[in-house]
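Okay, here we've got a single chain as structure tokens, the form predicted alone, with questions on binding and movement later.
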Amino acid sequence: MRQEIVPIHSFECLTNEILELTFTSDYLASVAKPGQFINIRVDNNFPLLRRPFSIFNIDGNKISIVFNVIGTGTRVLAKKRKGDTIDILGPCGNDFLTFANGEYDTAIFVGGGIGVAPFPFLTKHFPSDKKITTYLGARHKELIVTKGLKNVNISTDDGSDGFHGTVLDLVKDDFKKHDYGKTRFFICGPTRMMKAVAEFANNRNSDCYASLETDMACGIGLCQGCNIETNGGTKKYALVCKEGTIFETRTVKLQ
């Protein structure tokens, strides 16, 4: 990984609530893999700690992230403009493609809200011999982003777009209607959602890989702040930023 000061190339509103920020970096574009993240220092003064963002897409030397404004860090980031610079550290963490090969027929992508972030980049580079079916869930339609995805199925809690209910309700309903063969799940979103989807996947004897969302200060394993309890093994805890962010869900305790 490398720390860089990079120029912002563009801003785009994907919905009324979701922004796509694109910056340029020859280095990051050449080495980053789907599922990895970058840690951004959004301002030189405040807030002090970096914020992690999954890589949404890479096109040439242009790297995109997506976010909605939910706190101080994203509020500052949303005020940036084309030509401004940001301080990034990356690529950090492991990647989804490490777990993409194997004996299964259909990859099931499940994203909750802004948890959609790693899936366009993953979709672009997923093994061509695997089918992809994507499920997106959010509170309402302004939190749904379908850009760069395949075979998208949508659910919203308020019924403003697609299936009226949770994304797990939609997945369960679809699995009654379709034969996906042997499946493998790749998920990202709120921990409560991921825990429920992982239980569904594991009950079907499907492997399930989750990109965990957590606060990170350093992004490289020095601060020890992003630990998660494991299920057995030689270590009681794992560091999300260093040993993840992607874990096979049977190996960690999703709380």
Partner chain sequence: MIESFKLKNVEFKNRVLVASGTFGYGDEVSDLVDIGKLGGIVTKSLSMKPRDGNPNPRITETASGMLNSIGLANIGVEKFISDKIPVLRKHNTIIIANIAASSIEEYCSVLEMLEPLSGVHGFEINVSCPNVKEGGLSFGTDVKLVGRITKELRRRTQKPLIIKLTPNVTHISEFARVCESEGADAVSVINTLIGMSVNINARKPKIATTTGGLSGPAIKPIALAKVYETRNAVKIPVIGIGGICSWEDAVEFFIVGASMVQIGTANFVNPSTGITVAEGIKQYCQKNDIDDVGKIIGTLQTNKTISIIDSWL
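Everything numeric in this text was worked out from a predicted model, so none of it was measured. Numbering follows the first chain given and starts at 1.
Just so it is clear, the following notes concern the form predicted in complex with its partner chain, a form of the same protein that is not shown.
In the predicted complex, its partner chain lies within 4.5 Å of some heavy atom of residue 227. Among heavy atoms of residue 195, none comes within 4.5 Å of its partner chain in the predicted complex.
Contact annotation for residue 32: none of its heavy atoms lies within 4.5 Å of its partner chain in the predicted complex. Looking at residue 86, you'd find every heavy atom of it more than 4.5 angstroms from its partner chain in the predicted complex. Listed stretches are 54 to 62, 200 to 208, 184 to 192, 218 to 226; the contact stretch with its partner chain in the predicted complex is 218 to 226, by a heavy atom cutoff of 4.5 Å.
Contacts of stretch 17 to 44 with its partner chain in the predicted complex, defined by any heavy atom lying within 4.5 Å, are made by 41 alone.
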